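Let's start with one chain on its own, the form predicted on its own, as structure tokens.
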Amino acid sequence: MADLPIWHYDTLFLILAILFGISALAMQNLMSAAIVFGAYSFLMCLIWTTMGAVDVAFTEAAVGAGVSTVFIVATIYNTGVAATPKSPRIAFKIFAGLIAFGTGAFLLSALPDLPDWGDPKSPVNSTMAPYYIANSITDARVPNIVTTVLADYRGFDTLLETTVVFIACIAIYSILRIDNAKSKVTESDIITSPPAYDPTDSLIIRQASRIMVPFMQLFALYVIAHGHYSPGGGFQGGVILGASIILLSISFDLKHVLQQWTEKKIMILTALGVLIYAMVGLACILMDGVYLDYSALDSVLPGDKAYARSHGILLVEIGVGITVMFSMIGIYINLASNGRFDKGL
């Protein structure tokens, strides 16, 4: 049987992505829409993989299909599973459709100005990509070119991305967080009768999570430390670490997790990750270098300047992992408990 051309896979994935997207928008049951959205994210993982962007596929699997789906379910837990039907507004739908059609047409009009897919003479393939491929190992002793680009060549951008994650966590706290004094006076929170079935009482679920969490965390640490050599890094590893704590929150309850990770600790550690990243750059300046030029740390890190850049990348990846991990935990706790930090999903 002849090999199926790759564009056949791309066509199939594109059709499925469109169907999943339309289905998620059309469903009135929000839980079903969340499940379809998770399937859509898994499909995007396959699309990124066929395009050779394995690191992006890894991130999509951890964030899009994993944690984001849990966030949606936690939000549904506090809002309701069914969307409230509204009277049809034909004029608004027509206006929104025209806006979407016009935006799509505008973007498609730019396609003729873009280079062909994989064109070796395009600016990216003729100048930038060859430099990264030829100099990544020489400059930083890092075989994974993606890691070198993200944490070294464009380290400023990754620092700002980490800061954006931290700011997003603070924004969610500011919007959802409710003081205990306010939560005590709301009669709707008083539970008059216990639920017929409480999943947190399941011995099987609790013991299974106890077994899974250590392996998840070990794999997450491997992803962070081995991001120099294989797909991964601080962002992916931080999401997996956060997911392991979220699993404990779902298997037991929020109070069980908050006994170990209090609200104050979560916020301090979220800020600590950004601080580690920023302080590594400041240390480069103090060692007579420029900001985030890790080669200036060769006198305090083992190896020559190239290996100093490799170790510097590892330090900032650890900072990214800490910020992402505790941001995920803080966002989940706010969504699951409706900002009260007492009970939840």
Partner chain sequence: MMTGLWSMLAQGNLIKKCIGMAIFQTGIILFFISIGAKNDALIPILTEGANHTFDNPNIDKVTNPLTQILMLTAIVVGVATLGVGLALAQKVYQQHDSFDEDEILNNQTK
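Positions refer to the first chain, counted from 1. What you see is a predicted model, and the numbers here were worked out from it, not measured in a lab. Superpose the two forms; the largest set of C-alphas matching within 1.5 Å is the rigid core.
Not pictured, yet referred to below: the form predicted in complex with the partner chain.
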Do D298 and the partner chain come within 4.5 Å of each other in the predicted bound form, heavy atoms counted? no
Is the gap between K264 and the partner chain in the predicted bound form 4.5 Å or less for some heavy atom pair? no
Counting only non-hydrogen atoms and a 4.5 angstroms cut-off, does A100 reach the partner chain in the predicted bound form? yes
Look up in the predicted bound form whether P214 has a non-hydrogen atom within 4.5 angstroms of the partner chain, and give yes or no. no
So in the predicted bound form, are Y222, I276 and V280 all sitting within 4.5 Å of the partner chain, heavy atoms only? no
Given the stretches 254-262, 68-76, 241-249, 203-211, which is the single one in contact with the partner chain in the predicted bound form, using a heavy atom cutoff of 4.5 Å? 68-76
Between 129-163 and the partner chain in the predicted bound form, list the residues on our side with a heavy atom within 4.5 Å. A129, P130, Y132, I133, A134, I137, P143, N144, I145, V146, V149, L150, R154, D157, E161
Core-aligned CA displacement of A129 at least 2 Å between this form and the one not shown: yes
Would you say S109 moves between this form and the one not shown, meaning its CA shifts by 2 Å or more once the core is fitted? yes
